[in-house]
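First comes one chain, alone, set out as structure tokens in the form predicted alone.
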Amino acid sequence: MDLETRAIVSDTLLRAVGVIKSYGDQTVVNVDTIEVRRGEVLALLGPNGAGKSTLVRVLAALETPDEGRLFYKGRRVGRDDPELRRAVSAVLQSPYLWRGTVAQNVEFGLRVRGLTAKERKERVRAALRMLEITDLRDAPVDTLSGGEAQRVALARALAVGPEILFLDEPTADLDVAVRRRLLADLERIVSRAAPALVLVTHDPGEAFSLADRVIVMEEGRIVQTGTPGDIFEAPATEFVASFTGAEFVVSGAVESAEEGIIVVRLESGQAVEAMGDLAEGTPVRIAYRPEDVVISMLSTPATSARNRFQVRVAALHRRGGLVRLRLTGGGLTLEALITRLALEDLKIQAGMAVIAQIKATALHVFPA
């Protein structure tokens, strides 16, 4: 084994191979391989029913797969392996708290591990301080709000000093304001919470803002793995593009291809240029992100964008500081996302004729 291979192995805390889990006749997880690396925040991203939570329960040794092997630090382990059980800690979507006070809940795992009273007291104090709930120390858990209960569950998980912390949809049941604050706190503590953190979420924004690496799941399988930039800028499939916020134009077919640039003739009759390597005649669908559509006035000089369309503003919807525009023209419908200030500067109104421009590099082409 060379030095580079040894470095990769040593950085891999947990690895699962050939994981299959079914309930009845329905296979909910079918994953060839997945690994959790030291020093990373890994996000499992996908819609409800994608198998994320089941996979996490297998990785966290909370559930036994029908098939598959689990390795901890290169050593094959089972669900009841004591070293693995001590190394992982999990907070599920609806955390269960024991009866008693907040401090008693946070202390629970420390008692199980046999720490002294002094060690338990110090760790409880540190965990409560990290989650900013020191003032709730003596509060009965049945008096807590949803956000407070989630913080207690996080404090309890962190207090034991896990090597791998699993968070399964930690903000899913929280209202908007509480969710925003917890996310901000997670960003603050993830770097020091544990050597590795695995976050399960159906929210691409949550995954992209917190994770170093993202695994996208669809129907129990992994369909793409990469950095947030990889997933956002180069979605591997139409599903990944759509799930992470892309819009689709009408279908078309490749009319020509030369030096990595293809021309697609849309069903509307318009032609667009995009980056790609597909044969002429290939039926395709094209995805783009509304924030990549640049709006300008008819009199504005052309830019380097290869795709330039004259359209009308069919509708506009204000969403806080952003405005979503629906643009139509020549049989083409586009969505654009601009700032409120840009809307005011350009004096855009419904019915106005404008130019919509989008670079070839901002289009993602998928075989239909």
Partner chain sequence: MQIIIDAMGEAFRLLVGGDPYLWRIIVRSLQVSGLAVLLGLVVGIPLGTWLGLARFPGRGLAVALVNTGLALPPVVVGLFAYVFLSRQGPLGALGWLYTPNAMVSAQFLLAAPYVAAITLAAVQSVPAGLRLQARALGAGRWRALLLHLREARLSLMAAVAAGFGAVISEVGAVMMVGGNVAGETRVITTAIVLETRRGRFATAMALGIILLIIAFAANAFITRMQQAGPRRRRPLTS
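Because the structure is predicted, anything quoted here is derived from the model rather than measured. Numbering follows the first chain given and starts at 1.
Keep in mind that the form predicted together with its partner chain is not shown, yet the notes after this line are about it.
Taking the partner from elsewhere, no residue among R125, I133 and R137 has a non-hydrogen atom within 4.5 angstroms of its partner chain in the predicted bound form. Heavy atoms within 4.5 Å of its partner chain in the predicted bound form map, among the stretches 287 to 295, 255 to 263, 67 to 75, 89 to 97, onto 89 to 97 alone.
The closest heavy atom approach of D173 to its partner chain in the predicted bound form falls within 4.5 Å. Although the partner is absent here, R188 is not a contact residue: none of its heavy atoms lies within 4.5 angstroms of its partner chain in the predicted bound form. Its partner chain in the predicted bound form comes within 4.5 Å of no heavy atom belonging to R326.
For A157, a non-hydrogen atom is located within 4.5 Å of its partner chain in the predicted bound form, even though that partner is not displayed. S145 is the sole member of T227, T237, S145, S268 with a non-hydrogen atom within 4.5 Å of its partner chain in the predicted bound form.
The contact residue chosen from A184, V250, V112, A117 relative to its partner chain in the predicted bound form is V112, the criterion being a non-hydrogen atom within 4.5 angstroms.
Along 55 to 78, a non-hydrogen atom within 4.5 Å of its partner chain in the predicted bound form is carried by R57, L62, in order along the sequence.
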